[in-house]
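One chain comes next, on its own, written as structure tokens: the form predicted on its own.
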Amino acid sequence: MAPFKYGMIVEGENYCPRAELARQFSKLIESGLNVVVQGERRMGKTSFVCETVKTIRSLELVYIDLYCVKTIEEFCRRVVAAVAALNRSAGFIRRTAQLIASLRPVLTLDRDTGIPQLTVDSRSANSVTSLEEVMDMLSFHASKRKLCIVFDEFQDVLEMADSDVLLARLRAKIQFQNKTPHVFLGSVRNKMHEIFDSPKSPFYKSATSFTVGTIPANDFKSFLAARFKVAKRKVSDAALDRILSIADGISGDVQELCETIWLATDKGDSIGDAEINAGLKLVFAREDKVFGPTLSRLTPIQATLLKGLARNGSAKPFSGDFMSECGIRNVGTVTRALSRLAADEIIYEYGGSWRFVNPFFREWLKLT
């Protein structure tokens, strides 16, 4: 089994604890506050929230994944499925079905496990009224047991038809669940801002802001060293520093690089620059069908600017030295190129500098 996990909700020994951050987050949740959790892609937000809530014995986790949700029917299905997962007993499932009777709930058994599963009829769960009924069902259970309700990828509700109406109804229901903490996770900065920071939104200032950033370097290095030890590999502190630097400390990317290093080495090996480079080559091989076409779609100016940023991440793209190095004379040209690259989600501005959304793309560009 691979000792490094990513691209999924990570738990148990595969999860790197964030003790101080978890303490801060637990305090908010135990106070019954609603919290909006934001952070960059692959930063481990979902794993952090789920693992932290699980440590609070007084609360039960209701995890609702809204990734790519497009319709009210699909929203209702995901809420119902998440609630049904709380308790698989026949009595609990029957009571839940009664609470949403007008949506024609359907009880099935999983073919592999035999576990009962509850869903709703697609013809009956396609209106705002359906949404309200499902939220009332959720409120009923929240009144009977202490729940923490987590909406993952919450920004995707903006892609639904009449999202403004949906958000208004959803907010109207949630505000009466004042003893139940709700957590809203999202990684698309502008969309989450639109929901929680715009005065025009029903969710304006409805939740406390909480950011999940990189794991403290010393904590992460200790965790990674232990995972390499489980895999019978030795890794130096310097090698771990380089791994974190390459992946910008982004937990999912760090774990992916460590996994490819593990694949490229054997038991008893010591991890150094050669082994890290071998792991990077595996990452590049996986991403080749993405990196190549992405670069080919760029204009010559955009490609030149991007390669300049890759070579010198701390560069100031409007400085004379940088523009001269890239052969660009016009500040307006730089401005337009940066705006286009940001719109295509290749780079983003952070703390006065420009960073790559995918740090492996930056490393790949250094070799082109």
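Residue indices: 1-based, along the sequence shown. Keep in mind it's a predicted model, so treat the numbers as computed, not measured.
Note that the form predicted together with a small molecule isn't included here; everything after this is about it.
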- Query: Might Gly44 be said to contact the small molecule in the predicted complex, defining contact as any heavy atom within 4.5 Å?
  - Reply: yes
- Using a 4.5 Å heavy atom cut-off, state whether Arg362 contacts the small molecule in the predicted complex. no
- the small molecule contact in the predicted complex: Gly252, any heavy atom under 4.5 Å: yes
- Query: According to a 4.5 angstroms non-hydrogen atom cut-off, is Tyr348 in contact with the small molecule in the predicted complex?
  - Reply: no
- Options 99-107, 114-122, 212-220, 165-173; stretch whose heavy atom lies within 4.5 Å of the small molecule in the predicted complex: 212-220
